[in-house]
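Before any questions on binding or motion, here is one chain by itself as structure tokens, the form predicted on its own.
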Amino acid sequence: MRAEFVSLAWLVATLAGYYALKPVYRRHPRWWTSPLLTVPVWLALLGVIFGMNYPAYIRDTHWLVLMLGPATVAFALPIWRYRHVIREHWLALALGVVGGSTVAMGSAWALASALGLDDEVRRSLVPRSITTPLAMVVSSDIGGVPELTALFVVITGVAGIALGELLLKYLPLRSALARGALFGVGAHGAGTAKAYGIGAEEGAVSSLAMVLSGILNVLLAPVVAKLMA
């Protein structure tokens, strides 16, 4: 009975934190006010106060992560609406997705190796740049820890939004294609939400880049696992 109560309490705390902090982001849309950052901070504080660790939290609320799958599929609707953009720029998009995914996976592995991190942690870091449901699948396939990968995905999303805002400020990215792909490949769903805040076309391109990056990572997982063996 106590276990069920604790699971329910964490569910309520997660949803309450999201609905309480999302209006703050709407009024002040900055990376440090994103619910992707503020809600985990709120939950971490509760975890410290009540002595709950991350594995226990993710075990009790894992079905919230599973709901991200249908939410990711919903991104197909704007992709269909802006299919003419995809037809016109399919080569640039394909090259961007392949190049961005390769750099994301390779840099994560290289940096983790340079820092001497544990093998499981390194494998968990590799799929950090794609959307959570697919990242957890890839992590499991290549010998990582899916729950740890989910945490890295959140950190990557927040960092991607912050870095993306900085790049948009200083780089001459004039096309919606470039601005959308930047967020979709580098910061998955969090970046896509940011891209929709910039414009509908940027959001559609970001959605497509995010979905293609996720599929590419899933397809390449066996190859990546063999390379890391």
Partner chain sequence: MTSLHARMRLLSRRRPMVALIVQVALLAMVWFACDTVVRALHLPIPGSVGALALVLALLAMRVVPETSLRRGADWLLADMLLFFIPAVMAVWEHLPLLRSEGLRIVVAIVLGTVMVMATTAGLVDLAFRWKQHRAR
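These figures come from a predicted structure and were not determined experimentally. Residue numbers count along the first chain shown, from 1.
Another form exists, predicted together with the partner chain; not displayed. Remarks below refer to it.
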query: Contact test in the model of the complex: residue 128 vs the partner chain, heavy atoms, 4.5 Å; finding: yes
query: 4.5 angstroms heavy atom contact with the partner chain in the model of the complex for residue 140; finding: no
query: Residue 187, heavy atom within 4.5 angstroms of the partner chain in the model of the complex; finding: yes
query: Residue contact check: residue 203 to the partner chain in the model of the complex, 4.5 Å heavy atom; finding: no
query: Interface residues of 125 to 151 toward the partner chain, as seen in the model of the complex [heavy atoms, 4.5 Å]; finding: 125, 128, 129, 131, 132, 134, 136, 137, 145, 147, 148, 150, 151
